[in-house]
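This document opens with one chain alone, in structure tokens, the form predicted on its own.
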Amino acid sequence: MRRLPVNSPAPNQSARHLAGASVAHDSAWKHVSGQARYIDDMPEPEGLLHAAVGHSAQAHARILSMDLEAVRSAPGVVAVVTADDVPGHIDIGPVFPGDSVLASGLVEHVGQPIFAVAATSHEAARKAARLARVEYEPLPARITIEQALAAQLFVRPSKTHLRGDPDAVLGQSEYRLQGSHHIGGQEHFYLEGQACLVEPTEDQGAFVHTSSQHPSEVQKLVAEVLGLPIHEVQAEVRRMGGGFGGKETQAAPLACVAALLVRATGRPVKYRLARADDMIQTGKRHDFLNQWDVSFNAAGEITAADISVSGRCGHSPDLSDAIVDRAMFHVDNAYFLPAARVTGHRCKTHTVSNTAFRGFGGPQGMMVSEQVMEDIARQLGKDPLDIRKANLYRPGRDTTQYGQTIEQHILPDLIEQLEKTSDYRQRRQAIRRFNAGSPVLKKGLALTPVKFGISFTAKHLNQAGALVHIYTDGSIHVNHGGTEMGQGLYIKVAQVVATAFQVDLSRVKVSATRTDKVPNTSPTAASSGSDLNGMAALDACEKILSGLVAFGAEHWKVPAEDIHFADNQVHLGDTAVDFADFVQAAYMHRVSLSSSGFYATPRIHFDHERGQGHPFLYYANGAACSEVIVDTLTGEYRVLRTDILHDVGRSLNPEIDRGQIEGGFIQGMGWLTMEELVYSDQGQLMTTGPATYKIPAVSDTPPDFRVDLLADSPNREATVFHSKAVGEPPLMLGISVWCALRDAAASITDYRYSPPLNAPATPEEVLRAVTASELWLASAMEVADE
């Protein structure tokens, strides 16, 4: 049988838009024309009700009484439910317990749902939910990471990765530095907020239209809350208006609340959060307190490190255990740590439970090593890029602190290439000259790498299923467990299927993700959507191809090895048959034209007790060079230019990948520079909308923005056509902007001092860094005068 092996490049056939071609997003025209249908655009079923919840006004308190009479009697209200009305499970924690669908007796963050309302309109439900009279007994509330650490309050036990004897090396080192910084959280701020529509089905079941990255989890939790077997609930996701991790676990509680109201009323229920409610009630990226003690030699090479990363998890575990794990895995970023201790704390605070966000803890961990590189450079009087290059993983120095060997050293050459194409050295000298003659405006420059592990760190999630049908006209229908949130997963999987059969992409249709078509799916997360679902779809195609080749060999009397698919045809020796005609013939001879497919990521394992293993199938790599200009009187700044070189292996769709890189960089830049979450001392979120929470605008994009894909770099692993993941890694390219801002502030001291700069580096924070540099310079001058 001549078929397309997994580890071969897609052939250059004349069938249109196969894997490797730049093809527009399958819903692009629907997005721009307004025809793309989201949850709130769906035709409303007869008798539709709308949901809202009443939520806690206290960060930590006992509920003494709750009077809901005014809620029940409000105009339009049809039903009100509390925890007492839950027929099944109350706890809907996604991994570990701790999340109640509706709180009862105790509340642990402002915004925690305590009852739910179904009314005849969205406005009526929201107004009614505000009429409850709740009496609380306030309890001590711990809001910050420092408060949680002082009280030793954690949602999960702390963990440590250890290699060698870092204490001994640190104690004997001539060069040593200690430091810490705060890294702020980030609101997902998707265009489509959290939303679902739940319809009743027979046998008290439910059909859930959900905006979720994890429809199988929605299905499971709704079933458990209703006290039903899982097969009585179906969940469907056609598309999301953005996810970024915020809809991996946080979509399920809405579906559970709506399902309870469906059970109470027998009518369909839509539950859509208003923006302010969404920001108050749902989790964000974890903010972190990072601390380190690092030794190094005169060449700037790190010799030992003792690092702790502490994440603000909120009131419950949610996904925090794995998120802090990934922060621990990525504190090294691209750099070898010969002796290291890495400790991760999962801090419990009385704030909303934080959750997945693009990068899943990795970005917060990487910030440690990138600040350390800068600080070593300032202490030794060297260029930060030279210190970064000196510490890169390379042969002989290629094992991570958690025991995984770096098998493909891409970054040294990638960085050398970007250093040349971005004119880093020439611009560094030009910036020095500019700063020397400019007392107010200062420029900064930084080139930073990214090494990001690809796989779920929870091993069991590294699996996927798919379902492929060929119809008798030669058209192909695909369903798989991945969800589409704008990242282009559907079009990539469609290209994989088109390539497998060597037919035009227009023949392939990917339908909405549904739990009754492909069951027990993993979330679309960890940058693994194309890797997992593409391989599962390819497996299904290869099973169908096997049957078709056997049929062709028997029917046309040719050896199987003389049969191949190309250019919308099936070539059977010297005979070429149109693909649709061949499929029709196969159908008439009772040959299966449908198959399921499955894929499980190989070679991954990790011993959490020992903190050692091989948690990632491979690493994605990239680098960015960013230049900024800072007004030292106000702290205001602009990004002037960014150059990016990123490795996506053998790209399935280069333009989709470029879009992911551009968007990821901007989102990462926004996280580190302007997106500031502010809480009151009482745990009340103060930034609840675009008036107070600022995300990057088009005007914040670098006016000179250059993005290139690393050429001739197929993945050595047997991923789908040797491509590489591209969803999360580009976000960390935004670290280059944060480092460039520090570089600009350091120029005030002629690069002899590294000023502190917490993230987000708002103008106020940048001004503090500038002030710290000026004070250091004044002190140094006083010492020199003496």
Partner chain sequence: MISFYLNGQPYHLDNLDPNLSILNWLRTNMRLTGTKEGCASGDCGACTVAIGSPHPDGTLHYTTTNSCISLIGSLHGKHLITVDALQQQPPHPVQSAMIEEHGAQCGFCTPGFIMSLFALHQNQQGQPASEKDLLETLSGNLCRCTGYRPILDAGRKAMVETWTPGAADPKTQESAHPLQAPDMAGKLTALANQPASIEADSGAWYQVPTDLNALRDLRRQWPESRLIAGSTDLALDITQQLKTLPQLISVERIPELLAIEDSADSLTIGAAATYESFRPALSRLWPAFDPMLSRLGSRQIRYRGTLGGNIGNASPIADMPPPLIALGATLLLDGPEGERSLPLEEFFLDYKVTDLQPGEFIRSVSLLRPGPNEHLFIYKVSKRLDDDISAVLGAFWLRLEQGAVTRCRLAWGGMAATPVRSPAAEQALTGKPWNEATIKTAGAALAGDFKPMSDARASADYRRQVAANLLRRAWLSTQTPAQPVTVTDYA
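Residue numbers count along the first chain shown, from 1. Note that the structure is a prediction, hence the values are computed from the model and not measured.
Unshown form predicted together with its partner chain; subsequent notes refer to it.
Novice: Can you say which of 713 to 721, 737 to 745, 755 to 763, 63 to 71 gets within 4.5 Å of its partner chain in the predicted complex, counting heavy atoms only?
Specialist: Of the stretches listed, the one contacting the partner is 755 to 763.
Novice: Although its partner chain is absent from this view, report whether Tyr38 comes within 4.5 Å of it in the predicted complex, heavy atoms only.
Specialist: Yes, contact at 4.5 Å.
Novice: How about Arg514: is it within 4.5 Å of its partner chain in the predicted complex, going by heavy atoms?
Specialist: Flag for Arg514 set to no.
Novice: Just checking whether Glu675 would be counted as a contact of its partner chain in the predicted complex - the rule being heavy atoms within 4.5 angstroms.
Specialist: Flag for Glu675 set to yes.
Novice: Given that its partner chain is not shown alongside this chain, does Arg427 nevertheless sit within 4.5 Å of it in the predicted complex, heavy atom to heavy atom?
Specialist: Arg427: no, not in contact with its partner chain in the predicted complex.
Novice: Any chance all of Gly184, Arg341 and His608 sit within 4.5 Å of its partner chain in the predicted complex, going by non-hydrogen atoms?
Specialist: None of them does, since no heavy atom lies within 4.5 Å of the partner.
Novice: Considering its partner chain in the predicted complex, which of Ser592, Thr575, Ser173, Ser438 comes within 4.5 Å of it through any heavy atom?
Specialist: That would be Ser438.
Novice: Of these, Ala299, Leu177, Ala566, Leu640, which has a heavy atom no more than 4.5 Å from its partner chain in the predicted complex?
Specialist: Selected option: Leu640.
Novice: Which residues, if any, of 118 to 137 lie within 4.5 Å of its partner chain in the predicted complex when only heavy atoms count?
Specialist: Residues within 4.5 Å: Glu123, Arg126, Lys127, Arg130.
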